[in-house]
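The chain below stands alone, shown as structure tokens; this is the form predicted alone.
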């Protein structure tokens, strides 16, 4: 990030079930940073779409709903939270119904514009580890701390099934990569980590190595070997 910014963002992107959420949580805990799961924000809007029986393919209807619901982002105990109508939705965000529509909802430009602005605002609160699908490419394109975590489709499908999810990652991949607004890409300057045959500890160590190489610890006045 530019020296004009008081705080910095570590951007972690990747497809569904690549391991980026777990890696981001571990990295944030290791470094004592705010952890932001941007996907939960899109899932919260998708949940509102499901609950209000709005057709996710009707972008005007989705935008109208967005103007009606009470949705805001905050940080609690070092983690970002999204509050919908006064409560955190919890496990409802992982439902099959939400999985089925979240990519469509996330493709609506007005949804992305609103949530990207909210994600950027969180940087005013402290250094962040933010994971998602367009963090390094759109939300924080100037950060030098960019990581893209991937894994084979077979491994990712296995992980989804182990979590009790029935959706195939190939469908999500296609929708996320082909959307016109903020598609899933490897951001310029991002280090790619293939987690297919790595433990989460090895993925986090690779991320820490990137931070050491790019001067994170010197900038923060910390040891390079946390």
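Positions refer to the first chain, counted from 1. Just so we're clear, the structure is a prediction, and the values are computed from it rather than from any experiment.
FYI, the form predicted together with a small molecule isn't displayed, but the following is about it.
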Worksheet item: Among 53-61, 23-31, 39-47, 196-204, which stretch has residues with heavy atoms no more than 4.5 Å from the small molecule in the predicted complex?
Response: 39-47
Worksheet item: Taking 127, 147 and 220 as a possible spot, do all three reach the small molecule in the predicted complex with a heavy atom inside 4.5 Å?
Response: no
Fill in: residue 106: touches the small molecule in the predicted complex, heavy atom cutoff 4.5 angstroms
yes
Fill in: Proximity of residue 211 to the small molecule in the predicted complex, heavy atoms at 4.5 Å
no
Discussion item. When the contact criterion is heavy atoms within 4.5 Å, does residue 179 count as touching the small molecule in the predicted complex?
Written reply: yes
Worksheet item: Could you tell me if residue 82 has a non-hydrogen atom within 4.5 Å of the small molecule in the predicted complex?
Response: no
